[in-house]
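This document opens with one chain alone, in structure tokens, the form predicted on its own.
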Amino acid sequence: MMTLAHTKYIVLAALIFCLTPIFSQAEGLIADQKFKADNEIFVTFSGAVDRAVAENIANYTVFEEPDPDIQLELESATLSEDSTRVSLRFKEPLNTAMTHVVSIRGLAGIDKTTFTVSKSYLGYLFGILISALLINNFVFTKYLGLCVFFGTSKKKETAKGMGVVFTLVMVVSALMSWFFYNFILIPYDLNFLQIVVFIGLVSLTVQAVDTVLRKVNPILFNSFGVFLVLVIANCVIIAVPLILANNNYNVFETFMLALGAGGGFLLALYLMSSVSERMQLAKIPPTFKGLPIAFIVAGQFAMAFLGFSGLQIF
């Protein structure tokens, strides 16, 4: 005898059986989707589609996943000659770091076809690394940490050692800051203590590195002098925890940001030390010797790094 529960299961199975072809058709209709430029989305279909439907911007609904109420304005929808690819151009630049939801009405006889467009997460992480390393180098584009930069960039060995130590301190302190920020400051509503806590964590990390370096490599430790202690108040090493807090980065994004910032500082030190060693043999006017010529060279490096502005790999 068939019970009410059996009837429910049969009806549910019938609905799934009837709707499966529709869902499969909608899912299989979109072969690929990606951001083409800062204001363009490129969609590839699995087959030819109706040109009148694909090029009618009224059939599209696009919004960022966190803000479904704010629809993005389309400027044009251009279908390729073989009717398998459509280029969606928007009036305003897109925030390609966010996932976008695209809906198309009437495509291939389907009431609404919905899919998401987002960057590769590995590409996004690599973008954070490259941005901190080159595009937004903290020394040459933000002019942070100049005290330690000019003080330890006179010799290559000192510059490389300081860069490696700085990167190590940066990564460790940033990860500790992320942990404290997400599991202590936010849950207990202590955000106003950000700077105090971050400076304390950096001081703890620098003290540990100071103790280890004093035992392992006394020569390198003596070459740093007072600049290793100045890392505690370095603007770069404080800026990274503040950036991760403002952008709500997760632990992987925090690691890439810290690694890129430390690597960018190492790159800046090495470039400056290479030029400084050559300047010792150059004929420089007496009034420009020392810090003045160092500032001029740093300014030239800063102008060179402006060439990375707008670089977008993914």
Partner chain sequence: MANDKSSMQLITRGILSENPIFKLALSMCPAVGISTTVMNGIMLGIAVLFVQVFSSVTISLFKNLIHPRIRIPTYTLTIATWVTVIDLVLAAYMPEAYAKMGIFVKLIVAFAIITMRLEMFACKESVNDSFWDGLGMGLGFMVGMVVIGFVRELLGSGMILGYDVLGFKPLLFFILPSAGFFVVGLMMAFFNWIEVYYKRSKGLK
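Just so it is clear, the model here is predicted, and its values are computed rather than measured. Numbering follows the first chain given and starts at 1.
The same protein has a further form, the form predicted in complex with the partner chain, not shown here; the description that follows concerns it.
- Against the partner chain in the predicted bound form, the set C147, I296 and L306 is in full contact: each member has a heavy atom within 4.5 Å.
- This chain is drawn without the partner chain; in the predicted bound form, the residue among A239, L129, I135, L94 with a heavy atom within 4.5 Å of it is A239.
- The partner is absent here; in the predicted bound form, the one residue of V216, A208, L122, I195 having a heavy atom within 4.5 Å of the partner chain is I195.
- With the partner omitted here, the stretch from 255-263, 53-61, 40-48, 284-292 that lies within 4.5 Å of the partner chain by heavy atoms in the predicted bound form is 284-292.
- Contact annotation for L168: none of its heavy atoms lies within 4.5 Å of the partner chain in the predicted bound form.
- When the partner chain is considered in the predicted bound form, V164 lies well away from it, no heavy atom lying within 4.5 Å.
- With a 4.5 Å cutoff on heavy atoms, V86 does not count as touching the partner chain in the predicted bound form; it lies far away.
- Contact annotation: Y143 falls within 4.5 Å of the partner chain in the predicted bound form, judged by heavy atom distances.
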